[in-house]
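In the block that follows, a single chain appears as structure tokens, in the form predicted alone.
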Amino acid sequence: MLDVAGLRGLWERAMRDRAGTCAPDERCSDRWAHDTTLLRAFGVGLHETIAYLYNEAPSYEAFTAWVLAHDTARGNAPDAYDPSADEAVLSPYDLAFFEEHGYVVVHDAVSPSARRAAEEAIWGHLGMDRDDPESWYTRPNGHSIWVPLLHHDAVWANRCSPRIRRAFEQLWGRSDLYPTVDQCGFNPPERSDWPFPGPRLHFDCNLTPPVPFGLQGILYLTDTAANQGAFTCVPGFHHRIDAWLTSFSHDGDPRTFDLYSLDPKPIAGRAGDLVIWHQALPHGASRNSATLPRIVQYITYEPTTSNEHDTWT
């Protein structure tokens, strides 16, 4: 049986929280940064882990078996990372652009065959026909653009892309990184019976200033025009977020602020492009007013140690 103190602690806290006996300062929601760091080492996502623990209430033995099953599947993914691949992906211009604007586009982040395999996996998972637009709105997971395809070999292959990993290493300035286990996305053209469900502009980070450095990423699996539900962000906001947040210290909630008043920009891209952005940028998907869906995979690399605040605000 796997005996890892962090896993046992997570399981014990979840079971106490589920039973209503968890102390206020040890609730799982207050340890998300620590738990995410631990779980990514096993190739497991935080949300799927919490759902499993709270819905199934497994024994510790069953929980560790579940974790190991996912870790084994990750090891079988094709095109695993080659640690000898250390060629710079981002040029000095790219790095300067990221410093100024808070985002950068990595072209050809994965091979054409790899991105096509992931695209096909998403179509298959959703049970949709690319040639039948009516099928694009028969959503197995309801009115949402999220696709909970987490452990397919094709999505793991993209997570293990040497170019993707190297780009994150350059931006982080370190190599002790793990890929997060994120979802995919399918955003079809908006129509009267299927309005855009979001996510609209938002923050995924803790909003206690100073907001620490952190990265997020999205891989376009198909060509994506600016009006095709493209990833949207507020360029350069990482330079002013702390002052902006301070203005809310006694008046209002920054999470309910109209972020669209901050001049957001849709980022178009080619199939195989990866957009990496600073977590301090307001960001989200956008309305798709084109004729084809936006199909993406969310990919992020994070370090083995977290610099996030433990308490969420």
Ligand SMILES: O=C(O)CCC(=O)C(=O)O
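All residue numbers are counted from 1 along the displayed sequence. Being a predicted model, the structure only gives us computed values, none of them experimental.
In what follows, reference is made to the form predicted in complex with this ligand, a form of this protein that is not presented.
Although the partner is absent here, His202 is a contact residue: one of its heavy atoms lies within 4.5 angstroms of this ligand in the model of the complex.
For the chain shown alone, Ala285 is a contact residue for this ligand in the model of the complex, at least one non-hydrogen atom being within 4.5 angstroms. At the 4.5 Å threshold, heavy atoms of Trp277 reach this ligand in the model of the complex. This ligand in the model of the complex comes within 4.5 Å of a heavy atom belonging to Tyr298. Exactly one of the stretches 161-169, 113-121, 93-101, 194-202 approaches this ligand in the model of the complex with heavy atoms within 4.5 Å, and it is 194-202. Shown without its partner, this chain lists Ile145, Val234, Ala154, Val181 as candidates; in the model of the complex, only Ile145 has a non-hydrogen atom within 4.5 angstroms of this ligand. In terms of contact with this ligand in the model of the complex, the residue from Ala109, Ile241, Ile218, Met128 that brings a heavy atom within 4.5 Å is Ile218.
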